[in-house]
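First comes one chain, alone, set out as structure tokens in the form predicted on its own.
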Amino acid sequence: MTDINLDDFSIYRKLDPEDMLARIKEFPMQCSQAWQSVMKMVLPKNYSNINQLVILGMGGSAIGGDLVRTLVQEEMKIPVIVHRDYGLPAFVDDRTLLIASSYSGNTEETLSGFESALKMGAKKLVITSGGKLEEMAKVNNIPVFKIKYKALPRAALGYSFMPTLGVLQKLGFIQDKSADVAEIIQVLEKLSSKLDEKSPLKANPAKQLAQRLFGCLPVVYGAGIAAEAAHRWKTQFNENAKSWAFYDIFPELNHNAATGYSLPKDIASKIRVVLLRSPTFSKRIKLRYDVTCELLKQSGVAYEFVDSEGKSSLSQIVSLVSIGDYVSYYLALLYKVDPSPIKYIDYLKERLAKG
């Protein structure tokens, strides 16, 4: 049981000296500014002459691509692939639009793929705040969406997600999302007023859920447009709360994960499953949610639901992301850890640099 009182404002100053909370609250502003900026970009005319989109990225810079892929998969007539690795897939060719997304501009896996792409005829675009990636892009006259927002990569999601979505609209691959973008700003601002630190525990679903997750292993489930939102929840628990967490996706999880609910029993009793839901789900997916919860209950595994907000699919995705960001932040405070530093990742990068 934690002794942290999430309604005590003094703990925010003590445990969050870099003010991660401000970055989370600025998510609506990020989305708005990034959208306005990408709408002003001028792209080469031949960039629409492609048959596939490949997005290079890692961690917080890649999740924006995954969210876009999930959002547009029923509208796009060409495949969208997010490549989280060194190098490039062999299928990249001169009819590929390759977007290299790295907040720092120095992510070694992304740089590896981008360097390979420079030797090929693929159309290229860069999303970054600077670093080697921007330098290479400028030398090779490649369009750059410049991020002018200082934050950790995972806390600048609006600047990787919205530009990618905007590029697809400008190239004519998806319908005009301007009305949906206007809606998400309203939805996110309303959500923030309900979930931020000023909203007391008794009326704050994010604080309440963080308390229930304290001391447990979070496993986040999603389907359809909520699938990559579940992924985002998992990584935010890892990086903000410094805790173990996992995610899984319907309907695939019903073909494997569901068989392992009950054993070992001491672990099953410490797991709490969070199921993200959207009104866009088909009847079959909704039924799978219901039956899965029956199986969880039979196995003694705790679970609960988190519902999206807004009418458009875009609003539903970003609302789920925003809720998860708040929950992971409050869980960090309950564990008495600073949500900003990522010491293990920094250590890994130092060791890799020496190697």
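Just count from 1 along the sequence shown to find any residue number. Please read these numbers as outputs of a predicted model, since none were measured by experiment.
Heads up, the form predicted in complex with a small molecule isn't pictured, but that's what we're talking about next.
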(message) Only one of 280 to 288, 215 to 223, 73 to 81, 104 to 112 has heavy atoms within 4.5 Å of the small molecule in the predicted bound form; I'd like to know which.
(response) 104 to 112
(request) Please state whether all three residues 59, 239 and 342 have a non-hydrogen atom within 4.5 angstroms of the small molecule in the predicted bound form. (result) yes
(request) Would you please decide whether residue 124 lies within 4.5 angstroms of the small molecule in the predicted bound form, comparing each non-hydrogen atom pair? (result) no
(message) I'd like to check something about residue 152: if you look in the predicted bound form, is any of its heavy atoms closer than or equal to 4.5 Å to a heavy atom of the small molecule?
(response) yes
